[in-house]
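Shown next as structure tokens: one chain only, the form predicted on its own.
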Amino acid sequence: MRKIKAFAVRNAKEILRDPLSYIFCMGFPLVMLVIMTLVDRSIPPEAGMTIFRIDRLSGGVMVFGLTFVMLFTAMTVAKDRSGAFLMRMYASPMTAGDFTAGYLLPVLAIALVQAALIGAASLLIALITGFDLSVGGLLLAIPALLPSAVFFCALGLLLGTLFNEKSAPGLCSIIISLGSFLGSVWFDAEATGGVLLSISQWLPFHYCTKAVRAAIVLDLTADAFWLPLAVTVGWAAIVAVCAALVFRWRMRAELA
């Protein structure tokens, strides 16, 4: 555990030393929360559009913020692989599992801090706008977000392991776009229906957002919360196992 802790601390420092990590992981989601709240205030009530209402917007922004944590995870891993750092670390007694845990633990912590900040900002916006937002729902949203955080962080580890520091960010940008549009962050895929909803239901992003939104409004029914959460847990487990196996394969190949 001491080896994992030391490696995790080092990785956290590497991410936090980069000013862009604060801008994208902390600042940008909060800015989007404010901007979309202003958009919501400008939509006439008779339009019946609730996607940007704070009880729905906060959950979407929480999931959206995870895509940037994924980006910095991929960049950190790819950067370590491109230099001599990991090759030197491979000579240590650390196993592939230790490396995987050392990369995932700090970014998961960053993801949870990010979610807490978005939740606090959402509560403040609700107070300013006079909307009744459940504090209990916001607190429940953080553990409900954990499987999504594992999914995105493990996906970042997988991309950083497979691709170099030039390719990985570009691929992460594609996933950020997919996560935004197919994850029902900025529009309601279920209300849209059709082919777009069918595609969304085959991907995990839609379920990530749906589970967190249900937690915020304390809708703990099977269809609204437990089924999306179960799907997210399944995707998170699959991607995390794949990331660990691919990292071990890369490690053995580079040591050979």
Partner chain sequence: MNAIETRGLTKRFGKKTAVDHIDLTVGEGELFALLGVNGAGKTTTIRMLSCLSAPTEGECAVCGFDCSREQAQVKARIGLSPQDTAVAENLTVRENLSFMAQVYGLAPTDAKARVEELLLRFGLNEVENDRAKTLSGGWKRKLSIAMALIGSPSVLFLDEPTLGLDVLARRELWRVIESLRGKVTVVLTTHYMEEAEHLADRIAVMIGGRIAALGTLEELETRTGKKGLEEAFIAIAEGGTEHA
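Positions refer to the first chain, counted from 1. Worth saying up front: this structure is predicted, and the values here are computed from it rather than measured.
What follows is about the form predicted in complex with the partner chain, which we do not show.
Contact with the partner chain in the predicted complex holds for all three of 13, 84 and 89, each having a heavy atom within 4.5 Å. Of the candidate stretches 92-100, 182-190, 138-146, 166-174, only 92-100 has residues with heavy atoms within 4.5 Å of the partner chain in the predicted complex. Put simply, residue 3 is close to the partner chain in the predicted complex: some heavy atom of it is within 4.5 Å.
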